[in-house]
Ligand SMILES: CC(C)(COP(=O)(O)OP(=O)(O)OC[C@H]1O[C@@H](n2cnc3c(N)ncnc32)[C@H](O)[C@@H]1OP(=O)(O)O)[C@@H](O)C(=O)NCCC(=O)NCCS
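In structure tokens, one chain follows: the form predicted on its own.
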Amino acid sequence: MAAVVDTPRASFAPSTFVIAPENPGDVVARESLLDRAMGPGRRRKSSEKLRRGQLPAEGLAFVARDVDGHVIGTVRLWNVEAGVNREGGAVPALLLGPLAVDPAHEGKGIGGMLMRAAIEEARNRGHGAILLVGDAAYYERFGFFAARAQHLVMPGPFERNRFLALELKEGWLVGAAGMLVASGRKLALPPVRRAA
């Protein structure tokens, strides 16, 4: 999956970027971008507690590349259990984040294209809901609302009005309550060598 998008620059010359699946070679560029866009406190957020030691959900990590192939945007989705339903069963969902665009490329629609690509692919893969912590004024245009996450909590401090959800399948989060817990694929750690 790749989408090419032309957007106008301030000088009215076209700027092209591509939305594509993240690959292992993007790690250093992605982490550098996140440091620039989100600052040094990004690893202390509640969402990070759910991502630590995990791999993104299968097929749900995307980057935006400029015409030279540089990573200028990123978004990833993570498997979580969104509390339990009325019958006591875990409610599988996705946690979106972080979404970031290189500050030098803001205002070109890159974040919106990354969001649409991530939501569409999550829907195509049969997921029921996506949750995130973010600015409601930005994310409501994609269908995320605080009311859908009202009975769920994050592991650690979070602002209730910034905890938002989008149901990809109608009614998926009805009756879901409790704390989000990481699920899905774990990050493989290198084996520990024992001293002889």
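Start at 1 and count along the sequence shown; that's the residue number. Worth saying up front: this structure is predicted, and the values here are computed from it rather than measured.
The same protein also has a form predicted together with the ligand, omitted here; what follows describes it.
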At 4.5 Å between heavy atoms, is A100 in contact with the ligand in the predicted bound form?
yes
Flag V153 as yes or no: does it have a non-hydrogen atom within 4.5 angstroms of any non-hydrogen atom of the ligand in the predicted bound form?
no
Wondering, does A82 line up within 4.5 Å of the ligand in the predicted bound form on heavy atoms?
no
Though only this chain appears here, would Y139 touch the ligand in the predicted bound form if you measure heavy atom gaps against 4.5 Å?
yes
So which of M38, A146, L55, A29 reaches within 4.5 angstroms of the ligand in the predicted bound form, heavy atom to heavy atom?
M38
